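What follows is a single chain, given as structure tokens, in the form predicted alone.
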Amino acid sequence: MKVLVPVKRVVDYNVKVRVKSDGSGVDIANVKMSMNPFDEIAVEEAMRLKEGGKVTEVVAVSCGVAQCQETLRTAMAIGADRGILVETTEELQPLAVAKLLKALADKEQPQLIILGKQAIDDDSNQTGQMLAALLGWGQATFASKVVIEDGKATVTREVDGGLETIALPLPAIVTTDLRLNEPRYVTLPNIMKAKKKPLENVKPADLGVDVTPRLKTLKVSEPPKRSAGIMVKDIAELVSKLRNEAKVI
């Protein structure tokens, strides 16, 4: 069974992002970039399925600028067998990424696509669902446990009321949540091995996909700074301030 794992290059989660002075977006110049943490969990899960004998090949895919090759090499250092980069300098929005992944899925014919539930830069949480709709496959989002058996995926997913377990036939889409697993530490020998693994480079035009942005960002601004807390003498004063100043009750 072949598994496709999309991975995204984002600002490292330890970095405090800065908004550009003109409010047009986030400043990523000279900023550390890394693999989206949710996608890292997806790669780890694909590797665990392979190590469990359920998967024969893991293919990592990334869409974006040439530097995304670094992200793919990281995925291959974790254990992915090969990588595919859809290279473009266009701003890629969720629908465009879903269309690119759909074209690759038609070409590669995977039985399972595992990807992070969302990226930590735009927090859209849309690509997996859009991809499932475009392919006409079943989907299981926010997965905290995945079991592959007898041509179907049994997925425990996190919902508002607790946990829900669903079964869906393969091929299918699974999006990963934080509690699915803990990604392994990438060792230096595996980093060196990843440099020798095949990495294919294609363009959106090669896949017949138009990635022109459909949405326009009007303005990006930082959230207002929180004011310092104050001490109250008693419950009566607290209720009074909540009612008259904060106006929340």
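Note that residue numbering begins at 1 and tracks the sequence as displayed. What you see is a predicted model; the values in this text were computed from it and never measured.
Just so it is clear, the following notes concern the form predicted together with a small molecule, a form of the same protein that is not shown.
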* Asked: Tell me which of 94 to 102, 75 to 83, 136 to 144, 157 to 165 has residues with heavy atoms within 4.5 angstroms of the small molecule in the predicted bound form?
  -> 94 to 102
* Asked: Of Ile148, Ala119, Leu112, Ala132, which one comes within 4.5 Å of the small molecule in the predicted bound form, counting heavy atoms only?
  -> Ala119
* Asked: Does Val43 make contact with the small molecule in the predicted bound form, using a 4.5 Å heavy atom cut-off?
  -> no
* 4.5 Å heavy atom contact, Val61 and the small molecule in the predicted bound form -> yes
* Asked: With a 4.5 Å heavy atom cut-off, would you call Asp123 a contact of the small molecule in the predicted bound form?
  -> yes
* Can you check whether Val3 is within 4.5 Å of the small molecule in the predicted bound form, heavy atom basis? -> no
